[in-house]
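To begin, one chain is listed below as structure tokens, in the form predicted alone.
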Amino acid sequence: MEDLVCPLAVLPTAGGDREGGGSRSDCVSMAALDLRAELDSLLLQLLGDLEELEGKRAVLNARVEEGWLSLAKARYAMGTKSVGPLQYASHMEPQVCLQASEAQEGLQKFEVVRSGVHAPEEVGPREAALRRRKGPTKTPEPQSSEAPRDPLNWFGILVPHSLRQAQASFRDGLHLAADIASLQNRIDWGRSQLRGLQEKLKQLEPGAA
């Protein structure tokens, strides 16, 4: 935040230093009021983010518990040896990936996206000019990228509904974990901003909280 400049401090006064001191005190009061208003707004946002974080953590714990309970039901229905590491594929491919992007105020935002989704290639003016000089380039043949195999097929074709419920619960947990990480970054930023505003307020009003 830039230092606030009060126009009263530069106006000529007829009463000498006494009125000049009063104008400076008015400037400090106006700056303190603006800081307090910004401090209150930031504090309300921080409290709302903390409440949202607590709610998302509770939902995440519930989804994880539901996932493990559904997985236990599936093992009971299919047999303990039918749902375990022995059924895992020898080559595993991720179905989702964690993508980090820059949001407002330079904060990192995390998002769970499907595997294989890439951003388009950006070509600058220099690269475009070089391509025009060299002539048309051969477009690479599209590679046949198969969709990642559903892990439920490791355990058979007709799997019980409880196993599908476990997969859905753990998928929801992944999205919630990404949201919690993004929210935690915003809370940490809000706390640092709050401390900075409090220090500025103490400089304007010694003894202020």
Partner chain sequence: MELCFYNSKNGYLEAILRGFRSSFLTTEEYKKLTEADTLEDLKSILEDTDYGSFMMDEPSPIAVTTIAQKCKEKMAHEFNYIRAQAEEPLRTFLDYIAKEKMIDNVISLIQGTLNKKSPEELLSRVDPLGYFPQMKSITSMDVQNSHDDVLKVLLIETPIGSYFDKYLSTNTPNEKNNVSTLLNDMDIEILRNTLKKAWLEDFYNFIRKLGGKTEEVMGHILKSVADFRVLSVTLNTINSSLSLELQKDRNDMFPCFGYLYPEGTDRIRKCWNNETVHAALENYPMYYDLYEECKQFYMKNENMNENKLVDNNIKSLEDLLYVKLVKLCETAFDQHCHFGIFYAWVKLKEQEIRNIVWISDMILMNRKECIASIIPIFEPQTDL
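Remember, it's a predicted structure, so these values are computed and weren't measured experimentally. Positions refer to the first chain, counted from 1.
Heads up, the form predicted together with its partner chain isn't pictured, but that's what we're talking about next.
Mapping the unseen interface onto this chain, residue 48 falls outside it, with no heavy atom inside 4.5 Å of its partner chain in the predicted complex. Although the partner is absent here, residue 172 is a contact residue: one of its heavy atoms lies within 4.5 angstroms of its partner chain in the predicted complex. Remark: residue 80 counts among the residues lining its partner chain in the predicted complex, judged by a heavy atom distance of 4.5 Å or less. Contact check for residue 35: every heavy atom lies farther than 4.5 Å from its partner chain in the predicted complex.
In the predicted complex, its partner chain lies within 4.5 angstroms of at least one heavy atom of each of the following residues of 155 to 194: 155, 156, 157, 158, 159, 160, 161, 162, 164, 165, 168, 169, 172, in sequence order.
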